[in-house]
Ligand SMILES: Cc1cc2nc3c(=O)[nH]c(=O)nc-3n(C[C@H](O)[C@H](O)[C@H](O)COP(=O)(O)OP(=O)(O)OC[C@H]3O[C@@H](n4cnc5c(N)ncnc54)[C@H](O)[C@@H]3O)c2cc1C
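Next up is one chain by itself, shown in structure tokens, the form predicted on its own.
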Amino acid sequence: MSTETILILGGSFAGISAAHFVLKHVLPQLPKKEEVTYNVTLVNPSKDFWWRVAAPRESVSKQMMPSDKTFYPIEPAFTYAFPKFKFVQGTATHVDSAGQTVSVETASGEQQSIPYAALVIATGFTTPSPLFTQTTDREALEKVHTAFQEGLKSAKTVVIGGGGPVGVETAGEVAEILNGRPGFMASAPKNPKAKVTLICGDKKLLPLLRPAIGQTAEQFLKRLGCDVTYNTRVASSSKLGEEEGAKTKVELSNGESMEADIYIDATGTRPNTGFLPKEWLDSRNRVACNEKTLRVEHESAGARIYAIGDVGSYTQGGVMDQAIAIPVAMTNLKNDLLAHLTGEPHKGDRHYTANLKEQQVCPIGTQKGVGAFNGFRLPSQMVWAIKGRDYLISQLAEGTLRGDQFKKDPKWTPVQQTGKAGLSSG
């Protein structure tokens, strides 16, 4: 008996959602043959799904955001699909597209070679600061957060690099935990404990949102004792000593420098693609894929490889975009696999169209926030109600883990293929 494996690399938002979609809407439609079984194998460095959305608050205070609210074991969410679902705790190290296998180093150090009939790359990204990235397991990340919180207790100067949502949210959480909540009518803290500075490389905060929303974000940050420096980038940072509590020297693009008790690098993300052939990547080291079908179409990739989530070249990033992308990629996977297994004509492609309306929600401390949804600006109170209370945990965390948003497969109209990518027998 042979096994056809749909292999998914990455167990965060995109990978977990893709696994649920395949189990619910792809495997049931594959041809039933006595000599063939199908399964979904999910590979992830941690056995837990981490609610990364809450990282700005969790990294600052375990009292305000306990780890028990942000970590969820992955395997129990798939008990409904056993034995068609398999979880491997490990890290992909190499893809052999000719042999259709992926080399994986497991958490115990064992080397495995996992064959695939279809491959989904959902390995996400790494952040410059370890505060916002889970590279191994829960315990390691909790240690990083604990050490950071200990240092924060005595900090008098904190510098955050990056004017995007992670930088703004983190600046708000740090400033509030150090300087307290401002008075009702206060424009800034009366007696701030610490000087907090946010370095923004752009002319405004939150580049995806209109300037007026960025200006409001700056006002809310100032109420918490955080100043913003614009049109300036962090060129480099270096510790000024080896001892515990040593300051960090932060060199700026304008030639100036700052010394800080704590420096937090929130200047962007780095896609986790180091295990992939360089020719599969674009100029930003993301997986280059067809912007409509989300297939990886480089001639060396072979058949039935797809990119989803922040690792893919097609997206501006963000969790909300995945609700659009995952049904597209997984439907195309299904139709490609059906054509491969049955030899019947391809049923047509599903196409991805990004929602490019102004859309981002950004809490600033525990009381305020800014944002827009589907092109409409949101009042601060609504941002707090949507995200600021608990960073969406009570609304979405467990549902995401269970794949609730993909219980049904939305209707779509097939688009006939114009090329043969994804159809080779492989």
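This structure is a prediction, so every number in the text was calculated from the model and none was measured. Numbers follow the displayed sequence, beginning with 1.
Keep in mind that the form predicted together with this ligand is missing from the display, and what follows is about it.
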| property | result |
| --- | --- |
| Close approach of residue 188 to this ligand in the predicted complex, 4.5 Å, heavy atom | no |
| Touches this ligand in the predicted complex: residue 262 (any heavy atom, 4.5 Å) | no |
| Any non-hydrogen atom of residue 122 within 4.5 angstroms of this ligand in the predicted complex | yes |
| In the predicted complex, residue 78 touching this ligand (heavy atom, 4.5 Å) | no |
| Contact assignment for this ligand in the predicted complex, among 43, 40, 370, 60, heavy atom within 4.5 Å | 43 |
| Interface residue in the predicted complex among 280, 71, 148, 275, criterion: non-hydrogen atom within 4.5 angstroms of this ligand | 275 |
| This ligand in the predicted complex: contacted by all of 52, 90 and 310, heavy atom 4.5 Å | yes |
| Stretch from 336-344, 193-201, 174-182, 91-99 whose residues place a heavy atom within 4.5 Å of this ligand in the predicted complex | 91-99 |
| Stretch 320-338: residues contacting this ligand in the predicted complex, 4.5 Å heavy atom cut-off | 320, 322 |
